[in-house]
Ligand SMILES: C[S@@+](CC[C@H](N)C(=O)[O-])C[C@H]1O[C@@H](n2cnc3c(N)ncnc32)[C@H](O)[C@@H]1O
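This document starts with one chain, in the form predicted alone, laid out as C-alpha cells.
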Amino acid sequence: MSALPAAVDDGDFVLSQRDFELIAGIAREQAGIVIRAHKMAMIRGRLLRRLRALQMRSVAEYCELLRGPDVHRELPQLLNVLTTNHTAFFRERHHFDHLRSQAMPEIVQRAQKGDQRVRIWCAASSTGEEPYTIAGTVIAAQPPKSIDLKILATDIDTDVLARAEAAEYSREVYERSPADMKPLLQVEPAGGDMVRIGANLRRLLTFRQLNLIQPWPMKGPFDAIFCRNVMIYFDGPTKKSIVDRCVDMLRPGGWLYLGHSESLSPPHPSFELIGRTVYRRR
C-alpha cells in the first residue's frame, strides 16, 4: 500500500492521515467505494459541505461524530458527499443507439410472445439524465401500447435522487444534448431558464435509493441493465459480486451496458461482448 500524503490543511479544516483512513474505511465498508490516497484533497473539500451544514469547526470534530454511537444517522449524508455524480443526457451515445435499433426490437418481440412486460434498470441514475435518456430512447423505438414498460432508476445518493425525481434541468444542460436527440426528451418549460422532462417519460420511471453492495430488493427479471461508470469505484471482488448478481437479474438474452472505461475482465462466462461495453447474457 502506498504511503499517504501529508495532512491537507486549510486553517482549522485539517484532514489528518488518521481521519482520511477513517473516511476511506467507511466508504469501502458501507458502499464498496475504494478511495485512494491521492484523493485526500478532494475528500477534504467534500467534507467541508457537511461541516458547514452541521456548523462544525473542524474535520476532526466531524470524524469524532463518525466514531461515535450516532454514526448511523450521519452515514447517508456522508455517502452522499463522497459519491461522484458526473452525468449528462445521451452520455456514451452508442449505448442508446444500440438500445433503440438492436435491443428494443428483440425485447418487444420477446414480450409480445410472453408476459407483455419490459423492465429496464438504471443502477446508477445520479441526477436523472441517464434514466430519462433511456426512457426517451425506448419510446422512440415505438413499442406497442400493449407492452407494460417500466424503468427502475436507483442510486445510493438520496440528494441526487430527489433532483432526478423532480425532472427539472437548466436549459444549458439540455442544450448540450446532441441536436438530433433532444426531441426524445419531450421537454416542457419549467419557469425561468429551466425545462422539465415530458410527462410521457416521467411516468415510466420509478426512483429508489439502493446501495449496490447491500441486498437488492427487486426480483426482476430485467431485459436490460445500465450499470455504467460505477464499477470503476469498486475493487475486484466487489465488481465480480455485482456482475454475478446482474446475471441473476437479467433474462437470458438480456443486455448489460457498462461505462466506457469499464469491462468484464476477466471475461464472465455468462456474458458475451457484443459491442463497445455492451454485453449480452448467454
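Note that residue numbering begins at 1 and tracks the sequence as displayed. From a predicted model like this one, the values you see are computed outputs, not experimental measurements.
The discussion below concerns the form predicted in complex with the named molecule, not included here.
Engineer: Each of A88, L210 and Y233 within 4.5 Å of the named molecule in the predicted bound form, by any heavy atom, yes or no?
Structural biologist: Judged in the predicted bound form, A88, L210 and Y233 all sit within 4.5 Å of the named molecule.
Engineer: Using a 4.5 Å heavy atom cut-off, which of 170 to 178, 148 to 156, 103 to 111, 185 to 193 contacts the named molecule in the predicted bound form?
Structural biologist: It is the stretch 148 to 156.
Engineer: Find the only residue in L201, L78, V118, A124 having a heavy atom within 4.5 Å of the named molecule in the predicted bound form.
Structural biologist: In short, A124.
Engineer: With the named molecule left out of view, choose which of A31, L250, M40, C63 has a non-hydrogen atom within 4.5 angstroms of it in the predicted bound form.
Structural biologist: Checking each option against the named molecule in the predicted bound form, the one that comes within 4.5 Å is A31.
Engineer: Is S58 near the named molecule? Define near as a heavy atom within 4.5 Å, in the predicted bound form.
Structural biologist: Close contact is absent here: in the predicted bound form, S58 is far from the named molecule, nothing within 4.5 Å, heavy atoms only.
Engineer: Which of the residues spanning 214 to 228 lie within 4.5 Å of the named molecule in the predicted bound form, based on heavy atoms?
Structural biologist: Read in sequence order, the lone residue that approaches the named molecule (within 4.5 Å, in the predicted bound form) is R228.
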